[in-house]
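In structure tokens, one chain follows: the form predicted on its own.
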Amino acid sequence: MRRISTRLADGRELLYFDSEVTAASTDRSTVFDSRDLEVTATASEIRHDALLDEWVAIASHRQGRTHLPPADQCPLCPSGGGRQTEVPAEDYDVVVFENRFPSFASRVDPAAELPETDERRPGLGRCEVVCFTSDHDTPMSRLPPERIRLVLDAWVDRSADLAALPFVEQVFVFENRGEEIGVTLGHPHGQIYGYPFVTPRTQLMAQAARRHRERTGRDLYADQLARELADGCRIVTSSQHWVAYVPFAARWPVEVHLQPRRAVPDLPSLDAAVRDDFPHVYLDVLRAMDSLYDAPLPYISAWHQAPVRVDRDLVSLHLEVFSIKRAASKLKFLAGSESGMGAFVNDIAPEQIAATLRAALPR
């Protein structure tokens, strides 16, 4: 893999992740962003919700972000034909760049700077866009294994770099796919957030793992994986280094967790063999999910990593892939119980969806 860092016209960082083949045949030194863009600054802030003891990001500048442009105006496609996009090159393998409309940013508008208090702070952090391919019409599930491996390398690289920033407390790598999920750009891409706080979900995971360790002396994630393997009925697929399963208490109509057999805290902690093994299991899961109904499945793919500075011995790396689609023409809406109380009601038994996914695995 070749990694090249450059700058866009407004100062945002852009990184090319090139395969060995591309690196040998492509010169990036003459490629630059010639657009006339003002330097990016945001008014992002975080406010503390005292009732729930949680931080909430306020990022009103995101209201003007690009929303579902036609394919010939996609800002994530390569530049060319007289049209300049967020990617100056005429072609690329994997590209990562700072989001133009970030929820958190390392450069906050000086005019909007806030003094740090217990309830209100500047929204310092980092938000990046990860483009999986230059082909606008090829989703993650249809990419070859070697491209998934390159994407994984980019995730690892960015997780390490964002974790090194002094204001980042947690790194979250994710992909939203499908308009039903709320995707605003159709090009195959994901995002990475460097949060200035530990997220509520991760705090709950750490608390549960701590209670389990105090009660049993064992690791919660290892015990949960052992339970799923011993039961077997919710296993979707597995390999030498990864297990994909529908969790016992799945919240979503379609929900699969991918967990390495050997627990690690984050993506940079995966060794080469485990990284090499990942694309095959992941592609099997995505392709099985896509074959469930008569159209590609909308989903969220979310990497759970340990926080940067705390509870690294409690939270183990795992990937959750889940969908709100509960039937070919029905969506699972987060209505009263889920949105109002945070109490999920799943319409499909985990064992049922696991069996359906196993039957849909590529042969």
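Don't overthink the numbering: it's just position in the shown sequence, from 1. Fair warning: this is a prediction, and the values are worked out from it, not measured in the lab.
The discussion below concerns the form predicted together with a further copy of the same chain, not included here.
Novice: Want to guess which of 268 to 276, 76 to 84, 168 to 176, 153 to 161 is within 4.5 Å of a further copy of the same chain in the predicted complex, heavy atoms only?
Specialist: Of the stretches listed, the one contacting the partner is 168 to 176.
Novice: Would you confirm whether the three residues I4, F32 and D290 all fall within 4.5 Å of a further copy of the same chain in the predicted complex, going by non-hydrogen atoms?
Specialist: Checking in the predicted complex: none of I4, F32 and D290 is within 4.5 Å of a further copy of the same chain.
Novice: Among V254, M205, L124, L286, which has any heavy atom within 4.5 Å of a further copy of the same chain in the predicted complex?
Specialist: So the residue touching a further copy of the same chain in the predicted complex, by this definition, is M205.
Novice: If the cut-off is 4.5 angstroms on heavy atoms, which of these, Y92, Y221, W242, F132, is the one near a further copy of the same chain in the predicted complex?
Specialist: Of Y92, Y221, W242, F132, the residue with a heavy atom within 4.5 Å of a further copy of the same chain in the predicted complex is Y221.
Novice: Considering only heavy atoms, tell me if A263 and a further copy of the same chain come within 4.5 Å of each other in the predicted complex.
Specialist: Residue-level check for A263: no, no contact with a further copy of the same chain.
Novice: I'd like to know whether E38 contacts a further copy of the same chain in the predicted complex, with contact meaning heavy atoms within 4.5 angstroms.
Specialist: Taking the distances in the predicted complex, the answer for E38 is no, it never comes within 4.5 Å of a further copy of the same chain.
Novice: Would E119 sit within 4.5 Å of a further copy of the same chain in the predicted complex, counting heavy atoms only?
Specialist: E119: contacts a further copy of the same chain in the predicted complex.
Novice: State yes or no: in the predicted complex, is some non-hydrogen atom of P139 no more than 4.5 angstroms from a non-hydrogen atom of a further copy of the same chain?
Specialist: No, P139 stays farther than 4.5 Å from a further copy of the same chain in the predicted complex.
Novice: Can you list, in sequence order, the residues from 303 to 319 that come within 4.5 Å of a further copy of the same chain in the predicted complex, counting heavy atoms only?
Specialist: Heavy-atom contacts within 4.5 Å come from W303, H304, H318.
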